[in-house]
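One chain comes next, on its own, written out as structure tokens in the form predicted alone.
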């Protein structure tokens, strides 16, 4: 039995192709049942996110299955296969296992280390379980993928460094204040990035958000979303000494906060630290403000620098994750090899025993004068011959189950001796 992956991702297909192949999460029963109905598929899972669409399947006929999976993707979405072929990839065996382990561990994501993909694969597995399209192999395989992803997150720092500008601001604030509890945030302007950062600050312990904007109605509306307070734009400078974190993103052509004003503010704060995040272009805050003791000013380029440094750290941690995946692949592949090796050995012994019994019956029918001891001796002789014939292939099969050649030996033995495939587990 082989594990197969067919699909496309943000690395191989533009969004206009990915969106055409997306499966609706609320209507997974029909495509899952159609997937399982393919002649070569014994188990199947469909993973569909904004960045990838992938089919996971089990099959004994790998090449035929890959072709059927590609045609299924095309026909289900009414797209000619020739339009998709160049965007599709396929993996089988150890390569398929590695791919899914890497995807679930977020090593193949647009942003390495993002946590969403693991939840999305768990959701896909949940649908496959609900509609009974998975059995022994994919059950075990995906649970293994989940545990590999958990191990990667536990044993590496792949997800510990902020890689969005808004969350990088939160990370910097933690370094400045230690804790964000009881910290007050002022949002100047209604820029999307500042708004997102403010949400991150609240989620990480900030006590309140005050909003100001040249259009006061906009400030009121945004403040309501944060359960905060709105202040008129011309009044916010008088409140700055009460604020710990300022996020500003206006369209002002000149600085709205200058060096002298911020010197006055820090005196009123009795030199308590203050964190200023200027995401406006052109900038809202005079860069000389950064020279004032206990004021920490970062602009958008500073935050992008933090993000790039953190991305480099994540890539370093990804190398550690690849080592973990290599270890886990070997363990799972050995288990998978055992599934076919043991039934194959049993089938081979049964086949040879049937031949032995058939030939004994013919022999004894022609030698009717044999006494019991002679019959017993002939039976022992033929049994010994069978055992000696079986010894070498049995030994090779058992040894091969520990490496990638195991399935090749199993297929060869089954073909050479015309063995029936082992029964599939119920889904």
Partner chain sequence: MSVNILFFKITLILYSVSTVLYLVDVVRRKEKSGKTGKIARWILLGGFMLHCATLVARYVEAGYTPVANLHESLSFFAWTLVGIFLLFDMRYRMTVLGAFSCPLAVILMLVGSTATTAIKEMNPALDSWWFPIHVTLAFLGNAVFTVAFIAGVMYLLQERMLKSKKFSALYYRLPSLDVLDDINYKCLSIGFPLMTMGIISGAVWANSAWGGYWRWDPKETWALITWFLYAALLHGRLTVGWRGRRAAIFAIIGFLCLLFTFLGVNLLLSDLHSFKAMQGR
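Keep in mind it's a predicted model, so treat the numbers as computed, not measured. Residue numbers count along the first chain shown, from 1.
The same protein has a further form, the form predicted in complex with its partner chain, not shown here; the description that follows concerns it.
S.K.: So, residue 294 and its partner chain: in the predicted bound form, are they within 4.5 Å at any heavy atom pair?
M.R.: Result yes; residue 294 sits at the interface with its partner chain in the predicted bound form.
S.K.: Is residue 141 part of the interface with its partner chain in the predicted bound form - any heavy atom within 4.5 Å?
M.R.: Taking the distances in the predicted bound form, the answer for residue 141 is no, it never comes within 4.5 Å of its partner chain.
S.K.: Does its partner chain come within 4.5 Å of any heavy atom of residue 273 in the predicted bound form?
M.R.: It does: once its partner chain is placed as it appears in the predicted bound form, residue 273 has a heavy atom within 4.5 Å of it.
S.K.: I'd like to know if residue 157 sits close to its partner chain in the predicted bound form, meaning any non-hydrogen atom pair within 4.5 angstroms.
M.R.: Contact check for residue 157: yes, within 4.5 Å of its partner chain in the predicted bound form.
S.K.: Tell me whether 109, 323 and 331, taken together, all sit within 4.5 Å of its partner chain in the predicted bound form, counting heavy atoms only.
M.R.: Checked in the predicted bound form: no contact with its partner chain for any of the three.
S.K.: Could you work out which of 226, 298, 127, 72 is the residue within 4.5 angstroms of its partner chain in the predicted bound form, going by heavy atoms?
M.R.: It is 298.
S.K.: With its partner chain left out of view, which of 193, 79, 256, 176 would have a heavy atom within 4.5 Å of it in the predicted bound form?
M.R.: When its partner chain is considered in the predicted bound form, the option within 4.5 Å is 176.
S.K.: Counting any heavy atom within 4.5 Å as contact, can you tell me which stretch out of 101 to 109, 344 to 352, 233 to 241, 308 to 316 lines its partner chain in the predicted bound form?
M.R.: In short, 308 to 316.
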